[in-house]
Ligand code: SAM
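There is one chain below, alone, in structure tokens, taken in the form predicted alone.
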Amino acid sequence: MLRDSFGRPLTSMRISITQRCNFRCRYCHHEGISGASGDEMTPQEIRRIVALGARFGVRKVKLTGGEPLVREDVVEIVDEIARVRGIEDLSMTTNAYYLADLAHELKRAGLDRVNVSLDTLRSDVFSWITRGGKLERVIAGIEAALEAELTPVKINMVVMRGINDGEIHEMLSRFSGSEVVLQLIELVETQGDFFRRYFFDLDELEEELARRAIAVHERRFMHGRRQYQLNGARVEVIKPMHNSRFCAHCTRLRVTHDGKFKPCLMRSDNLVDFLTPMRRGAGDEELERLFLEAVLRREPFFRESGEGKVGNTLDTG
């Protein structure tokens, strides 16, 4: 297993396959990518970089965007990755707007499960958050995903004060069931007034969930995140930023849509370009060197006071 300089194993890749999106959600942070070009990797290029990761122990791949389903070749991308030996879990984060038409085809191509972004069950609020999206299309996409067994379907709900914080219990009721997990997400801190106006602290809610839960499961390699099992519902509280525990348990290497390794969600000054060399005919040995360079650049953005590096070498044991 490949480990970075801080002893963290690298087991997953999160690949943005496009920056295009049919929504313009008010809180979107674009996967930490800014100023990227419009040049997108081909399905074959994506497969090659996944195969490289698999040789170093990557077992999970998540496709993101933008919105992955706006790519006309998204089924081909899934098919290419699903053929890579060693990949055990292939998932996708989507707004589900086009999912009703594609769910069964994606499943046949090899997609295992989906995360769906859905913050509200009110059409007017949904339209405001997404700047014009149609709620009924997303609900139809979720139903199609369940029918196609792209499960567990994880519903990502970004909780915002005064916007949808009063809908949490309704969402729990609407999406209860063994094949659905509701993920309550704190708003990511960004510059500007939006965060200050709408941030909702989930600490008190998580305490309530802990009291009510009939079982609690801690996901060791997901930043110690706890999953609370209620009567008929499963829910997780995600506080993904601004804490050392998030960084200490990070097992992920991100890939930008235009072919760069992104060692840290919070930084864009340490990217490693692999697509330019790949398109110039780079062999596997050169691409492996770039991959290892990206892993060496992985370091916790948030660290406990006094915490230092484990070492300055890669542990491939």
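One rule holds for the numbers: they count along the sequence shown, beginning at 1. Note that the structure is a prediction, hence the values are computed from the model and not measured.
The form predicted in complex with the ligand is left out here; the points below concern that form.
Colleague: Just one of Val188, Leu205, Val125, Leu135 has a heavy atom within 4.5 Å of the ligand in the predicted complex. Which one?
Modeller: Partner contact (heavy atom, 4.5 Å) among the options: Val188.
Colleague: Exactly one residue in Ile87, Val158, Ala233, Ile163 has a non-hydrogen atom within 4.5 Å of the ligand in the predicted complex; which is it?
Modeller: Comparing distances to the ligand in the predicted complex, the residue within 4.5 Å is Val158.
Colleague: All three of Tyr27, Gly66 and Thr93 touching the ligand in the predicted complex at 4.5 Å, heavy atom to heavy atom?
Modeller: Every residue of the candidate spot has a heavy atom within 4.5 Å of the ligand in the predicted complex.
Colleague: Since the chain is shown here on its own, which stretch among 163-171, 93-101, 210-218, 77-85 would lie within 4.5 Å of the ligand in the predicted complex, judged by heavy atoms?
Modeller: Answer to the contact question: 93-101.
Colleague: Does the ligand come within 4.5 Å of any heavy atom of Thr120 in the predicted complex?
Modeller: Residue-level check for Thr120: no, no contact with the ligand.
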